[in-house]
Every structure is written in structure tokens, then in C-alpha cells.
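What follows is a single chain, given as C-alpha cells, in the form predicted on its own.
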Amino acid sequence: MNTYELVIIGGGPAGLSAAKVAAEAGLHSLVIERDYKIGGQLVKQTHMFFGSEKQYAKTRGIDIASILIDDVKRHPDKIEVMTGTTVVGLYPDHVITLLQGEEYKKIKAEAIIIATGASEKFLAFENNDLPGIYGAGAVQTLMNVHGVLPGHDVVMVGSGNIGLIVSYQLMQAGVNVKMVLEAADTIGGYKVHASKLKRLGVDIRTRMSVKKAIGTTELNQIEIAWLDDSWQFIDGTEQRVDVDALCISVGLSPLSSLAAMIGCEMKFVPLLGGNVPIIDEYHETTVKNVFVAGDVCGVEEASSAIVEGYYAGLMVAKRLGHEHPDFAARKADYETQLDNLRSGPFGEKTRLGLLELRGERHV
């Protein structure tokens, strides 16, 4: 059984960033990715990012993925990448079982960084399994990776940044986005994204959601209705809309099952997206030498996942006796970057969620 100094589970922005900094500190790591290539969600994101220059502001997600992948390739003697591999078991003695193709493997790690990201939430409504109903991430994969349109007449459910951005990308590809539905009182994403859609004539309706999908072998229509203050549909407000595709973008849930499997103490924090591992200020879980980074410990933007990855890689390297030569300066810089990313109204959920995770009160 092979033993590695560091095993990083997840080859997205957090995992790749962690591997880079750990390598700079002299640590050998193995990055395990279940997809056939590394880069995570960034490989299908064609929009430009916000943040600062350090988080690649004004750079498209696909280009950020290339940057992070190149960073890893610069350390071939320190970083090993294993793609097309799923972690199926993670145990307290740091033994990891893998499924690569049809072959099971077993490895061991001195330290582990779990950077598995998040999965899309879905809505419960009648006939929600009809062909033609997609998550926003699936639509991005179809269009931006494979060049396939999901449909011609689409309704988007959810007005967060992902919903607004994917709606705009659909329109750029020639798809008719009939409307965006939002159950809350206000639009959830950045105003700049919503404004682009409104300028193109897209109707963004708040306090409204999809009640049922209509079709036999595929989606033909949806029934939508207004919501009351208790989030219940208001009888008599139903409307039918002809569509051949429905896109659901109602948030993400941390993929934290591996953290629970290895015995990390968990806590359900809605503001962070769901069930997340309890961590200290160094991103270490309650299981020694098991760290987390990215959406697995609280859903945020990819910019935050990148910085959390850098931070976790820095901390793990020090724990294993490979303190980075610029440790103090890097630590302070990464902490400042995260504070800046979480400032302002759009960072409030994360700030309050982290307080709740730590058992601190907030008002």
C-alpha cells in the first residue's frame, strides 16, 4: 500500500491551489479527481470573475482553470495527479480506498485535504424528472464543454449569480430565455448580472416558482404560480408557459460525506449551505491532520475556494514539517484576502455562517 505525505481529494480550484502551495513548501502530494480532467467547475465557466487581481479578477473561469493547472504542472516532482478516480472510503487511520476504472486501490496519507466542492440542490415539484429539466451546472457542461444546447425556449428557476450568469450564457448561444423565477422577495445575485438580462428583455419575477412540469416523454410546459409569505403557492395564480427546457439554480450543498465518513464532527449550518465539518482557524477538522478547503466547508464563490486552498496547503505543509519560507507573510495575506472577499452585503451569509459554525452568537 502506497503512503503519501499529503492526499488532496478534489482537483478543483481549492484542491489545485492547496497542492501548489504545499509543493512550494517542499511537500509531496497526490491530487485525486473523479472527473477525467482537473479544474473542477472552472472548466465550464466562461464568465469573468470579480474579486481582486490576486483572485484573477476580470479573468474568465476557463482561463483561471488553465492557470491553476499550469501551476500544478510546474511541480511534477512534488505533485502527482490521479484522474478518473473516485474516493469510496476514507477512514480514521488515514487509509483511503479508491475506484479507478474497475480497479479498487488502497493508499494511506500522513495528512488529507478534503476539497470535494458542492453539488446542486434540486426542487421538489410534480414531474420534476421529465427529460428537459436540468441543473444550472449541467447546462454549463452541455454548452460550454460539449457545445450542445439544452433547448430553445427555457425558463430559469433561481436568480442567484449562477442562475443569472447561465441565463445570459444561454442567450449568447441563441436560446430564448423566457423568464427567470425567484421565490424570494429580491433578486439573489449581483445587480450587474441582473441588469444585463433586463436590458435584453428578460422578465425576472420574484415571489414566483414552478409548481409542476407538463409532458409525457419530455418537457413541453411548466405551470408557475405566485408564492405567499409562507412560501406556499397562491391558488388561482397559476400560469402555463411553453418550454422545452427548465433550468434549476437554487443553490449548492457541500459535498461533505467523506468528512463525516472519516469521523469529523459535523454541524448543519444553513447559511453555509448545509452539513459542514467543524474546523479551527487553520481549516483543520476535529480529526487530526484532516483539513478542508472550498465549498465542502461552506458554499462561496470560486475566488474564496482558491484562497482557502492556498491557506490549507500552507497549514498542512507546516504541520508535516515543511514550513513555507514565506509562511508568516502568506498566512497574513490569505487571511486578508478571505476577509475582503467576505466583506459587504454578499459576504454576510458566509460571515454569519462561520460564526454559527464556531458556536459564536451573531445578531
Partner chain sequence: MNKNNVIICRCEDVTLQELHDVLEEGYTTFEDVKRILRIGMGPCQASTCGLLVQQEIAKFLGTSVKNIETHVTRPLTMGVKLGKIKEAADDES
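Positions refer to the first chain, counted from 1. All figures in this text were calculated on a predicted structure; none of them were measured in a lab.
If you look for the form predicted in complex with its partner chain, you will not find it shown, but the lines that follow are about it.
Colleague: I'd like to know if A260 sits close to its partner chain in the model of the complex, meaning any non-hydrogen atom pair within 4.5 angstroms.
Modeller: Yes.
Colleague: When the contact criterion is heavy atoms within 4.5 Å, does V88 count as touching its partner chain in the model of the complex?
Modeller: V88: contacts its partner chain in the model of the complex.
Colleague: Check T237 for me: does it contact its partner chain in the model of the complex (non-hydrogen atoms, 4.5 angstroms)?
Modeller: Although its partner chain is absent here, T237 would stay clear of it in the model of the complex, with no heavy atoms inside 4.5 Å.
Colleague: Since only the chain is shown here, I'm wondering whether M82 would be in contact with its partner chain in the model of the complex (any heavy atom pair within 4.5 Å).
Modeller: Contact with its partner chain, no.
Colleague: Which of these residues, K121, R207, K198, H75, gets a heavy atom within 4.5 Å of its partner chain in the model of the complex?
Modeller: Comparing distances to its partner chain in the model of the complex, the residue within 4.5 Å is K121.
Colleague: Taking 4.5 Å between heavy atoms as the contact cutoff, choose which of D185, D129, D280, D228 touches its partner chain in the model of the complex.
Modeller: So the residue touching its partner chain in the model of the complex, by this definition, is D129.
Colleague: Quick one: which of 218 to 226, 190 to 198, 89 to 97, 161 to 169 gets within 4.5 Å of its partner chain in the model of the complex, going by heavy atoms?
Modeller: Among the candidates, contact is made by 89 to 97.
Colleague: Would F49, L246 and E348 all count as contacting its partner chain in the model of the complex, using a 4.5 Å heavy atom cut-off?
Modeller: Negative, none of the three is within 4.5 Å.
Colleague: What are the residues of 318 to 343, in order along the chain, with a heavy atom within 4.5 Å of its partner chain in the model of the complex?
Modeller: If the 4.5 Å heavy-atom criterion is applied to its partner chain in the model of the complex, 318 to 343 yields nothing.
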